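The chain below stands alone and is given in structure tokens; this is the form predicted alone.
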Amino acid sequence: MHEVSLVHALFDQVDRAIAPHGSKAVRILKVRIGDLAGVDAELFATAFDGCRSERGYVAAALELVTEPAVWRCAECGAEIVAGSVLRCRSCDGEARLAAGGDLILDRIELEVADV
């Protein structure tokens, strides 16, 4: 299950992001999973739950958001409805994946010491 290695990479990214902030605890990690990212959201959540205590994120909750695939024309930028042929109806341009192909750490909510 490659979701475990993805969760460890997520925690590595969070470690780097929170280092300068003197965080007491990470409360919420919001992650966006694209439909075409090749990641099973349920397996990712299970891997997160299984790995968070060993990585020091016992109090962290995972908020998953799935992102649908969006195709746009490379020539004119028009949105293209996915079908058997991914060509633009307006200009016959080639379709490019504009969203829904990535796994993205969107937000980190921290508990910090009073300032």
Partner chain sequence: MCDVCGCGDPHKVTLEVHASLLSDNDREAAHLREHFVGSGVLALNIMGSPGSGKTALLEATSRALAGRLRLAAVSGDLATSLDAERLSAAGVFSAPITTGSACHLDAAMVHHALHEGSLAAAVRGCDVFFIENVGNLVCPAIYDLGQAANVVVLSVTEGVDKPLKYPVMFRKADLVVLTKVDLLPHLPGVSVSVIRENLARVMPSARAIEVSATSGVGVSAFLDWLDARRASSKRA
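In this text the structure is predicted, and so the values were computed from the model without any measurement. Positions refer to the first chain, counted from 1.
Another form, the form predicted together with its partner chain, is not on view; read the next lines as being about it.
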Does Ile18 reach its partner chain in the predicted bound form, with heavy atoms at most 4.5 Å apart? yes
Applying a 4.5 Å heavy atom distance criterion, does Val85 contact its partner chain in the predicted bound form? yes
Touches its partner chain in the predicted bound form: Cys91 (any heavy atom, 4.5 Å): no
4.5 Å heavy atom contact, Tyr57 to its partner chain in the predicted bound form: no
Heavy atom within 4.5 Å of its partner chain in the predicted bound form: which residues of 96-112 qualify? Leu97, Gly101, Leu103, Ile104, Leu105, Asp106, Arg107, Ile108, Glu109, Leu110, Glu111, Val112
